[in-house]
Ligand SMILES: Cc1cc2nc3c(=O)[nH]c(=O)nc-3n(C[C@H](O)[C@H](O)[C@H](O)COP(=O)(O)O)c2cc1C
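Just one chain follows, in the form predicted alone, and it is written as structure tokens.
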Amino acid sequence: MSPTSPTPPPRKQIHLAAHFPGVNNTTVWADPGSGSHIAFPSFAHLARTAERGLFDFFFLAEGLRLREHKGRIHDLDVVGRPESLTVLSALAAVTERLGLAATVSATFNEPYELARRLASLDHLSGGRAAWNVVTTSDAFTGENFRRGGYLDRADRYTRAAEFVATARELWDSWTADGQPRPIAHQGEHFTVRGEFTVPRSPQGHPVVIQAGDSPEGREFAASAADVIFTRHSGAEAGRAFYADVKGRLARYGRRPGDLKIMPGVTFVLGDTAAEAQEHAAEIRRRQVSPQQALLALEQVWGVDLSAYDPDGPLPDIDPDPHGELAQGRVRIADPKAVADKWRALSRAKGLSIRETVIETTGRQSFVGTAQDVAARMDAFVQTDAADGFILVPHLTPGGLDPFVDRVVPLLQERGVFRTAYSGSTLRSHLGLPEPARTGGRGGRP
């Protein structure tokens, strides 16, 4: 480089998190190498592996009702999982630096009670708590709660926004010299009066994560979240999402670095590219069994398709015109449009029912040698398709070990991943400042 050459910009650092596998078609829970999904040693193993790999945080999803099909609990997924904040409180005792992120619904909880539990975890863990804010979309789940039913989409996000703002009021309600101050919140969804029982926590506010790609979710994340957990089919879609969400921050007085974008991804490693591709294909076939393929098909067509051969062609009948493609019991897409899209793909590539479901339901995956995966992840981040990744291994609890042993050292060699924790809190790992005190007024300063 000549003396007049411009100094190249520093390479972006990659953020990494570990998702404990659960009820999804990523987990191969029947694999002989898969352990318990509810015993504490499984959670401890994955968390310790993530901390050994210097990850930012450990991520737990949530389920408020067992999944059903045709009125029956089906056994094609993991059945049963414990409450997230309870598990993370136990993990705080067996880890030292790893962030601890819990998914908790803003639809079926109350701000005072949840803010108290999250602030308590932040204290107990020395500043490592995070809250993945989700809304619950269906009466199917609501039947387990006193209020029952569900909220319309717009109301769910209105309630969630007020929920987060109210939690921030509570977290900010103690003075700098450690004295509680009363708050008096009166909003559309919540009324909270009195003093908060927990002093300001080590991070000020636990890290707030938002999951979801909808327009409402993007706007909510831009206004209130520190991290957004999303999914993309590739780098091009990732860059479009990244630019869209980062572009929304300015109208809330925020900078691009104030929100980290981390898609959920899977990975498969091999000693050669061909070996990795072969292994990945085998994993996908185990993730989507013949029974799971028919289940996915019935959720689109809305009728019994059990007589169809999963290795045969897609049905030539149209979906039930009165049916709905639903999440729980809420219509989320036009079944006919989805069926037409699947048929077109099947015809173009000569795919069977099972092969079509495999191709249309997978997550973004990094498949290759450790060198290939490290290089692709680096390129993904350096070209602003993401700030990092939430890794979803297909095996519990040992599925993350190969990544930490083989890919993390290569990311460190490329100078894009830490070689040691520089701070003790999750905010320090993510490069996020501690929120300024607002004097209990809520919202962002």
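Numbering starts at 1 and follows the sequence shown. None of these values were measured; they are calculated from a predicted model.
Unshown form predicted in complex with this ligand; subsequent notes refer to it.
- Transferring this ligand from its position in the predicted complex by superimposing the C-alphas around the site leaves no ligand atom within 2.4 angstroms of any backbone or C-beta atom here, which marks the site as open.
- For the residues A61, V381, L411, L391, the 4.5 Å heavy atom test against this ligand in the predicted complex is passed only by A61.
- Exactly one listed residue, out of P315, P256, G212, G204, brings a non-hydrogen atom to within 4.5 Å of this ligand in the predicted complex: G212.
- Although the partner is absent from this view, G217 contacts this ligand in the predicted complex, with a non-hydrogen atom inside 4.5 angstroms.
- Although the partner is absent here, V134 lies within 4.5 Å of this ligand in the predicted complex, judged by heavy atoms.
- Residue contact with this ligand in the predicted complex: H189 places no heavy atom within 4.5 Å of it.
- When contacts are judged by a 4.5 Å heavy atom cut-off, F229 counts as touching this ligand in the predicted complex.
- Partner proximity in the predicted complex, defined as non-hydrogen atoms within 4.5 angstroms of this ligand, places exactly one of 194-202, 269-277, 154-162, 287-295 at the interface: 154-162.
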